[in-house]
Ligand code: HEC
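Only one chain is included here, represented as structure tokens and corresponding to the form predicted alone.
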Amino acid sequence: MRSLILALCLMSLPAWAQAPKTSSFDLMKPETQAMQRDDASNPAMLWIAEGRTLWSEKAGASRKACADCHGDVGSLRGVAVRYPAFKATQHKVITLDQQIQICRVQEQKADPWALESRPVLALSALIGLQSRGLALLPATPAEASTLAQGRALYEERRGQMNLSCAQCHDDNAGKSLGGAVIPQGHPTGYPLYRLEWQDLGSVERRLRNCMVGVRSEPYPYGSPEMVALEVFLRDRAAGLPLETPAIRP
């Protein structure tokens, strides 16, 4: 009887909750995996170097640097694995990139950078690096409504192709599409260097690529929909180690 109840419970779970979680790293060719493992070969480390410069650079009317408030960047170990996070001062859930912008405007009294700009990605990657190897954390109760919105968006069919994220990354994960294996789509390495882009990019850039791929109008960077999707994806990947800055094909 217990085994029957367990089987029925498992059947009621979504596909992503039943399958063992795996990183897209496991699907890469050995030479690409080696590139990620070796910081000296990882092109994303160029952004890390730029991020270290920005961390210590005084900016804006306040002439303050990130280091003036936080000290050594290593003090932020554990931060990246909990973002996007609910911020009481903002009365909403925000991404790490948005938090960087808030600090720049409020603390440095400087003009904001554009989301997905090189400085934001450089600092985001540097902060993410401090938590490399730590497990991504599940959503908190304060993020519950945003999590629910993200889940609905993830399961929603969209675009001219009438496809949802779940149809690819849950229902067909592990199968081949155009000669490539469909990954589970866990955001374990962002911002990451994508060989296809020859550039560093955020998870929002990847989500927008997918939306365009299914012939759907992509949400703007930093939109509530993007934030909600990121919360759901982080919660879905909870327990997997952060790889920032990762490499992907």
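All residue numbers are counted from 1 along the displayed sequence. As the structure is a prediction and not an experimental result, all values here were calculated from the model.
Another form exists, predicted together with heme C (HEC); not displayed. Remarks below refer to it.
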Taking Val93, Ser117 and Leu121 as a possible spot, do all three reach heme C (HEC) in the predicted bound form with a heavy atom inside 4.5 Å? no
Counting only non-hydrogen atoms and a 4.5 angstroms cut-off, does Arg151 reach heme C (HEC) in the predicted bound form? no
Spell out, yes or no, whether the shortest heavy atom distance between Ile100 and heme C (HEC) in the predicted bound form is within 4.5 Å. yes
Answer for Trp55 alone: is it within 4.5 Å of heme C (HEC) in the predicted bound form, judged on heavy atom distances? yes
Could you confirm whether Ala180 comes within 4.5 Å of heme C (HEC) in the predicted bound form, counting heavy atoms only? yes
Heme C (HEC): the contacting residue among Ala173, Leu147, Cys165, Leu137 in the predicted bound form [heavy atom, 4.5 Å]: Cys165
The listed residue (Pro218, Gly201, Gly222, Gly185) that reaches within 4.5 Å of heme C (HEC) in the predicted bound form by any heavy atom is Gly185
What residues, if any, in 216-249 have a non-hydrogen atom within 4.5 angstroms of heme C (HEC) in the predicted bound form? Leu229, Leu233, Arg248, Pro249
